[in-house]
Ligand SMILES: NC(=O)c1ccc[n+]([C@@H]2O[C@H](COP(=O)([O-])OP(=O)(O)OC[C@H]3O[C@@H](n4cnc5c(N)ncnc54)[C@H](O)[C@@H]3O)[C@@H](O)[C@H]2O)c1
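As a starting point, one isolated chain is supplied in structure tokens, in the form predicted alone.
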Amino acid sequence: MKKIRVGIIGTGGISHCHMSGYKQLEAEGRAEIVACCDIDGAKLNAYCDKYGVAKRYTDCREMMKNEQLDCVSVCTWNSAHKDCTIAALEGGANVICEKPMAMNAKEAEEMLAAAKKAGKLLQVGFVRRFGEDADMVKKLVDDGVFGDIYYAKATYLRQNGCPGGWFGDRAFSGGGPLIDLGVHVIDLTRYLAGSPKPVSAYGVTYDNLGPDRANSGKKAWDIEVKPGEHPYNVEDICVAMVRFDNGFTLSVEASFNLNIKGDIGDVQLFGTKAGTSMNDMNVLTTKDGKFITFTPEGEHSFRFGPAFVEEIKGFVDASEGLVPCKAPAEDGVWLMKIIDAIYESAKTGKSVEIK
């Protein structure tokens, strides 16, 4: 069996999650991690030494020119997603690009066009689609348990949770918690609801609190920050309402900094027959004129590590034509259109149409 030749562009925190998926496939004899690329040579060498990767590059186009790669992960900061993805596609590889797909919808559309021109697969890193909780709810939805889903709440709130560094610098991130955290739950909710087309959005952002309000600035993320390198100029919180062409409405809340007791993350779905919260997976419905609650049997949590292993396996399988792509670039473009519309609405104070 021919081994898939793999490259990784960007060796920051999330790349370790991609690497774990490829290492699993490598152990199964399906993949070979050939080369890695990062603009920081010292960081690149430490990463490659850790994982035993011989080929090392500080320029992704040079890597694509010199190596014959079948699959490439793009794990850079957001502002480099477009250029690195297009370079990998033009270099002949199938690509999985971390979320958010790009800085805006225009860049995302350019990436999709490049994938079509190259005849290659472009998958977006919507890892929540690969969780066991998503699998469970999607099956219930497809089986008609919820009836018609007409309303949902997508929440990802942190009390003091900007990872720091480039995440808070709009020039590198494209925005704050909406584009970093909200992207996860917005996409997951739309996916579970059958991927309806968004038609408008209304949003509000606030930047009243700022970063590092407590805990002496200590964070749970290992982000190397040089003093003064990245200003913090993104929103603390975004609240939005998104309407879809089938009448479905989505309420969104995403924050880096908010005066709440602790972090909150959940997707709640409400249908004509039943509703649920993905936090506890209790399905609330009625039977014989009474309210009842049931919990489906089987694993239905979101486990971070296993979800990434499944995502990378799904990407490689789709690149070989074994399965359909579970998170296609087209969905990434629609997601960026939603985010663009919410930010535009927050700026103008008016509802924004999505086309």
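On a predicted model such as this, the values are computed, not experimentally measured, just so you know. Residue indices: 1-based, along the sequence shown.
As for the form predicted together with the named molecule, it is not shown, yet the points below apply to it.
With the partner omitted here, the residue from 49, 62, 40, 299 that has a non-hydrogen atom within 4.5 angstroms of the named molecule in the model of the complex is 40.
Note on contacts: among 98, 107, 187, 235, the single residue with a heavy atom within 4.5 Å of the named molecule in the model of the complex is 98. Contact with the named molecule, judged by heavy atoms within 4.5 Å in the model of the complex, is confined among 278-286, 166-174, 195-203, 136-144 to 166-174. Within 4.5 Å of any heavy atom of the named molecule in the model of the complex lies no heavy atom of residue 21. Residue contact with the named molecule in the model of the complex: residue 252 places no heavy atom within 4.5 Å of it. Within this chain, residue 125 lines the site of the named molecule in the model of the complex, having a heavy atom no more than 4.5 Å away.
Shown alone here, residue 342 lies farther than 4.5 Å from the named molecule in the model of the complex, counting heavy atoms only.
At a distance of at most 4.5 angstroms from the named molecule in the model of the complex, none of the three residues 7, 71 and 94 contributes a non-hydrogen atom. In the model of the complex, the named molecule lies within 4.5 angstroms of at least one heavy atom of each of the following residues of 51-82: 75, 76, 77, 78, 80, 81, in sequence order.
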